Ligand code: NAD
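Encoded as structure tokens, the following chain is the form predicted alone, with no partner shown.
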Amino acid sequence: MRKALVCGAGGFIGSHLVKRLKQDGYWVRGADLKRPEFAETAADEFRLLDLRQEEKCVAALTVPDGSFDEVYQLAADMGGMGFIESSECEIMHNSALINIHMIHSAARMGVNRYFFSSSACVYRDMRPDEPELSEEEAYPAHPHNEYGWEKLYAERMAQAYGRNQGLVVRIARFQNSFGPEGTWRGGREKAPAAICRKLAEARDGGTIEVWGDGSAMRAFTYIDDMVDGICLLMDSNCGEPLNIGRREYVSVNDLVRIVTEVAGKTIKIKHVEGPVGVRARNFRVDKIETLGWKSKVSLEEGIRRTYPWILEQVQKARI
């Protein structure tokens, strides 16, 4: 039985990844500052640990009989665009400490394979009509925000340990992921969850606020597709960073329209000032597709699975 450590197992992608690894027959330990908020963890063991501290990384990695076969490093201080633009110091400080201590400790303690979750935020701001970027075109580097700069540094660090310390390193650059059991309020939620929440809270015929003019282009990947890509990449022979994301670009206004249709409401949009982020970020996914991955869940289908769950959370919060 393979043993896996999932760092960030209290978060959205990490908690779903734990479920998948358990389905695949792993013994799994989860580690995070918090347990999953919306469901019991599927991990065999869950440790509440502050992975910004080196000794806590060592504790997470310590097992009685040898070492972990695989480590999935998804722990990070992150959230939606509002959080990314307002919390630059926290992002740079907290995430850098986690990544520095975890990769160093994993190499020192004999871990075989190491997965690092990077982000499409490593790419520059783009026009919606620009050709999609390949992984190599992250350089010359010009990320739009500090979250992207920290991810690039962590990628380089993981690759350096792979070259020099014997680790098998796999790196995925995630596109925006969404689905049930994700953060849906409080400022750290991503756009699909935020729009779903606003529609769930709004009366039919009412108005919701949207940051910016709604023209910014985005692409969103359903959580099951994202986890499929992680597992496929981890078992592959690809040592370079790969993009994982769905090729379905929509404007923020289009996203609102899709959620509105799923919710069965008539809604007006009020565009207001707020952190919008990049105009677009288009990148290729042909490399992960050559490994056999393909996005299976459309944005509309993903919203149809996600909106009822968020509606339920909104109704519970009102009680």
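Residue positions are given as counts along the sequence shown, with the first one as 1. No experiment lies behind these values; they were computed from the predicted model shown.
Although not depicted, the form predicted in complex with the ligand is the subject of the following passage.
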property: Partner-contacting position among Ala158, Ala194, Ala138, Leu74 - heavy atom within 4.5 Å of the ligand in the predicted bound form; result: Leu74
property: Listed residue that, although the ligand is not shown, lies within 4.5 Å of it in the predicted bound form (heavy atoms), from Glu55, Asp44, Asp254, Asp50; result: Asp50
property: Per-stretch contact check against the ligand in the predicted bound form, the hit in 159-167, 206-214, 175-183, 124-132 (non-hydrogen atom, 4.5 angstroms); result: 175-183
property: Gly14, Asp32 and Ser119 all contacting the ligand in the predicted bound form, non-hydrogen atom within 4.5 Å; result: yes
property: Residue contact check: Gly10 to the ligand in the predicted bound form, 4.5 Å heavy atom; result: yes
property: The ligand contact at His144 in the predicted bound form, heavy atom, 4.5 Å; result: no
property: In the predicted bound form, Lys190 touching the ligand (heavy atom, 4.5 Å); result: yes
property: Contact label in the predicted bound form: Met78 to the ligand, heavy atom within 4.5 Å; result: yes
